[in-house]
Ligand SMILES: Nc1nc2c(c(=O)[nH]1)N[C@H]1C(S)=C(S)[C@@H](COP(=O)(O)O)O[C@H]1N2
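Let's start with one chain on its own, the form predicted alone, as structure tokens.
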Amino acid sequence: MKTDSNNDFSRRKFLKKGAIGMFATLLGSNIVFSKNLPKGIVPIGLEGDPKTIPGKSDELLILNDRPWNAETPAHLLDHKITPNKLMFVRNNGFAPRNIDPKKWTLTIEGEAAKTKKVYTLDELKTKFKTYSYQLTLECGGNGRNEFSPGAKGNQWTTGAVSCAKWTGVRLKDVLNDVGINSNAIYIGYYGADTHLSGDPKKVVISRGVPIKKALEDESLIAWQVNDEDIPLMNGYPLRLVMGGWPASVSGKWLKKIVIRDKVHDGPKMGGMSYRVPKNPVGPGTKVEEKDMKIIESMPIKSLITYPKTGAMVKGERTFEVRGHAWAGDLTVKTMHISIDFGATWQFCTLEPPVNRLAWQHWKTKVQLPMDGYYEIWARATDSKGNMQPMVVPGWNPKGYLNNACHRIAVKRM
């Protein structure tokens, strides 16, 4: 089934010809009155795409398969360090094929580079000191499906985020080995992925960051995640990892880095891509390109990973609620939850980050006063006092940076 990001969910309503028998098998039961089922309608209990992504859990929710884009349900992100098979996938083109890591090279050049150098993967591993950091990566469009009016693009809910242990060399060590001229302003990356058109000369995506971000200790050129090779769909055999900013700056299948004397101008750096209005606008407002700004540090955000939404609380009335919180380049200062739709809030125990740009773990005990339906809301506050809004924040044309309180439903019985 081929889908596109503008019509993913509607297309999932349709069956391939002759698929009724397959669905009956999966259900383990005959579909009564199947002859009356209107052509193309999916049985409710099986709505969705049965495809899985190579190297990923089949529990990931697939939003698109051309290219692959999939998110992780919130309750599966309960691990303190996100397992490789549960890391979300956000691709813009097709992953490269027939990768030979022994022949893989990385080129560093650009107008603001003192020279041009080419490194093999083995040279990167042996010439420079290796570092490991837990780093939070989140798609800039995570939460897009809550905006109204809706924005085009993958309709992420809460699961386009991860925090894993990345291993590689510091980007700044490699850039300094090449030499950085005083006029350096930005870096940009180029990967080996293929454009959806199939044109090998067409660049899929080439984004970047200011030189200051590139020179941070935690900005890595990585070849491992959680002490294993990076999964193919997450950038094997080499990628950039820059926590705290939209994950689109952490280029996958890394082949070239350019040191620029201006803001990088590769594909998806201009126009409306990964940009938000400079000033607040009303829902549905058409915003001119000149009035947009590039997204940098991600906003304060949190996630409830336990219990799973829809949980039924029986017998024991007090139970643990836990999750993670992160704040872009900043740290999380306090964490609260509410069980009464925001009328009152209770403090949560909040752990410090393992290292800068790692998410922080929180937990608390909750007691439901009587039988009935409840919602648990999570709200984090960062080190500068910025607090998550209870509702979807200011609208923007591309549906970026939704950091509204995460909510789950529970029922006491």
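For every residue, the number given is its place in the sequence shown, counted from 1. Because the structure is a prediction, the values reported are computed rather than measured.
In what follows, reference is made to the form predicted in complex with this ligand, a form of this protein that is not presented.
Student: Would Val89 count as touching this ligand in the predicted complex under a 4.5 Å heavy atom rule?
Tutor: Because a heavy atom of Val89 falls inside 4.5 Å of this ligand in the predicted complex, the answer is yes.
Student: Decide whether Trp326 counts as a contact residue for this ligand in the predicted complex under a heavy atom distance cut-off of 4.5 Å.
Tutor: No, no contact at 4.5 Å.
Student: If we define contact as a non-hydrogen atom of the residue within 4.5 angstroms of the partner, is Ile205 a contact of this ligand in the predicted complex?
Tutor: Because a heavy atom of Ile205 falls inside 4.5 Å of this ligand in the predicted complex, the answer is yes.
Student: Verify the contact flag for Phe147: yes if a non-hydrogen atom of it lies within 4.5 Å of a non-hydrogen atom of this ligand in the predicted complex, no if not.
Tutor: No, Phe147 is distant from the partner.
Student: Using a 4.5 Å heavy atom cut-off, are Tyr189, Lys252 and Tyr274 all in contact with this ligand in the predicted complex?
Tutor: All of them do, each having a heavy atom within 4.5 Å of the partner.
Student: Have a look at Met233, Ile294, Ala311, Ala112 for me and say which one sits with a heavy atom within 4.5 Å of this ligand in the predicted complex.
Tutor: By the 4.5 Å heavy-atom cutoff, the listed residue in contact is Met233.
Student: Which pick from Leu77, Ile300, Ile259, Ala247 sits with a heavy atom within 4.5 Å of this ligand in the predicted complex?
Tutor: Residue within 4.5 Å of the partner: Ala247.
Student: Out of 301 to 309, 189 to 197, 328 to 336, 275 to 283, where are the residues with a heavy atom within 4.5 Å of this ligand in the predicted complex?
Tutor: Among the candidates, contact is made by 189 to 197.
Student: Where, within 124 to 150, is there a heavy atom within 4.5 Å of this ligand in the predicted complex? Residue list please.
Tutor: Heavy-atom contacts to this ligand in the predicted complex: only Cys139.
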